[in-house]
Structures are given as C-alpha cells and as structure tokens.
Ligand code: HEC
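Given next, in structure tokens, is a single chain: the form predicted on its own.
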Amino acid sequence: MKLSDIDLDLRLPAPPLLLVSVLVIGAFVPATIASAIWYKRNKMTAEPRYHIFQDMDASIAVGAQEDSVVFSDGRGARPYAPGTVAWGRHTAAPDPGMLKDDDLAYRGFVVDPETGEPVRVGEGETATPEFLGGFPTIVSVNLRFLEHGQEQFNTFCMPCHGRDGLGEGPVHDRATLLVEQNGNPTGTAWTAPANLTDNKFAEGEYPNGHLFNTITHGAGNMAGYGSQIGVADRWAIVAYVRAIQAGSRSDAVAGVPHDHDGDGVADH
C-alpha cells in the first residue's frame, strides 16, 4: 500500500445547526440584556422609573410650607421633638459640633429641655426669649477673634451697614440713588439698614444672643445669614459690632487679651 492511498482528511465534521443556533443565541441574549440595562441606567428621562415594589418614591409628599391634614396644627413641616439632637456626620468619629446641644452657643437663648420652647422673660406679647448676655464657651474673645470678626463683618455686613455700622454702606447708597431718581423709573423700594450704633442696639437693650439670633435668622427686611456664616464667625461679628459701638476699634480692643501664638485662645 502506498502512502498516497491513505485518506488523510482529518477535518472535523461540521457541528449540528441546532448547536450553532443555541451558542449564538446564548451569546447574543445576555449581551442584549446588558446593553438594555446600561442604556436605561444612563438615559436621562422625565418619566419615573418602573417600580416592581412600591417604595417611598410613590408616597404623598408635602412641599415646603404646605398645609397637612394629618396633623392637628395643620402644618406639614414638623418641629423637632423636645430633646432631639442631631446625629454626627461620621458614625465612626461623630462631630460634637453637629449635636448643637449648647442652646446659648447655637441659638443665642435658653431652651426649656422639656418643651423645646425658648425660656421667655416678661409677660404676654412683650415676653422675649432669655437671650445670652455675654459669649458662649465655644469661643474665646481676644484680639485675633475681633480681627476675624472685622473680616467677617466687612464681607457680609458692610455692604449694607457700612464699615462704621451707621447703615450707610455701598448697597444703601446705590439703592438710595435709584429711589431718588426723577420719577423713580426703576421702581426701587428700599428700607434703610439699621444703624448699629443706635442706643437700641446697645448690649443692655439688645443682648449678644439677640444680635447673634438676628444675624442667623434675619429681622425685618434683612435676610438671615445662618447658612452663609458659621456659628463661631457669627459670634465674632457680634464681638466686632460691640467694638464698633464702643467708639473705635483701637479703644475697644485695648483691654482684650492678645493671642500671640494664633491658636484662637487668649494668652494670659
């Protein structure tokens, strides 16, 4: 027998069509499903996503300042329960500042722990919260603190109240100019900022806690700055306003202990 007589066709037989179909479909279907999931997760649409199980997304929401028939007082926005404290941002290392458990430091007045309401002094409609007269223990009033208060005052308060606190800042000057134009064509309505050196804002009449609370929540036509200015920064502004009221900053801080090492604590 010659070598040429041997059949050397070693090619494998073609696989069955059914097997090929199963393999192709088995590869195509998962790829199609994965592509569809990727597309749905990355597509922006105003339509709500499909909920297999209904969750709080489908609950009836109450907008800000809306009424509610659920509660007896008719308010949708609920006050904090008495004694409630905030949970720290980081559970591993809670931030003590997040608790805000010092009412005098974070509110400027005393709160009744049983009711959660401000402790008031006076009678009837003239009753006012019992505002803090000095400064809370979370700050140290020294020269560095006053200088920081001056910086914060010039940033947030000066545009309306002026650098000297007389209520004649550049915003006031511009608004007054617009109002006094012939016929007031811009339709500007303007209420002059308060003169912070007026006797009614003196510490005896307007305690530090009251001034802090006003900076936080606003008063009259003045908006609150609680979301823009930190707690310690607001107290620094209070201290600087008192320095302005004293007559001149150099005189007002003459008796303030200096902070030579810059750690925010007065050196004695």
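Not measured: the values here are computed from a predicted model. Quick note: we count residues from 1 along the sequence shown, nothing fancier.
Just so it is clear, the following notes concern the form predicted together with the ligand, a form of the same protein that is not shown.
Can you check 187 to 195, 74 to 82, 138 to 146, 123 to 131 and let me know which stretch has heavy atoms within 4.5 Å of the ligand in the predicted bound form?
It is 187 to 195 that comes within 4.5 Å of the partner.
All three of Cys157, Tyr225 and Ile229 touching the ligand in the predicted bound form at 4.5 Å, heavy atom to heavy atom?
Yes.
Is Ala219 close enough to touch the ligand in the predicted bound form, meaning at least one heavy atom pair within 4.5 Å?
Yes, Ala219 sits close enough to the ligand in the predicted bound form that at least one of its heavy atoms falls within 4.5 Å.
Do Ala236 and the ligand come within 4.5 Å of each other in the predicted bound form, heavy atoms counted?
Although the ligand is absent here, Ala236 would stay clear of it in the predicted bound form, with no heavy atoms inside 4.5 Å.
Any non-hydrogen atom of Asn208 within 4.5 angstroms of the ligand in the predicted bound form
Asn208: no contact with the ligand in the predicted bound form.
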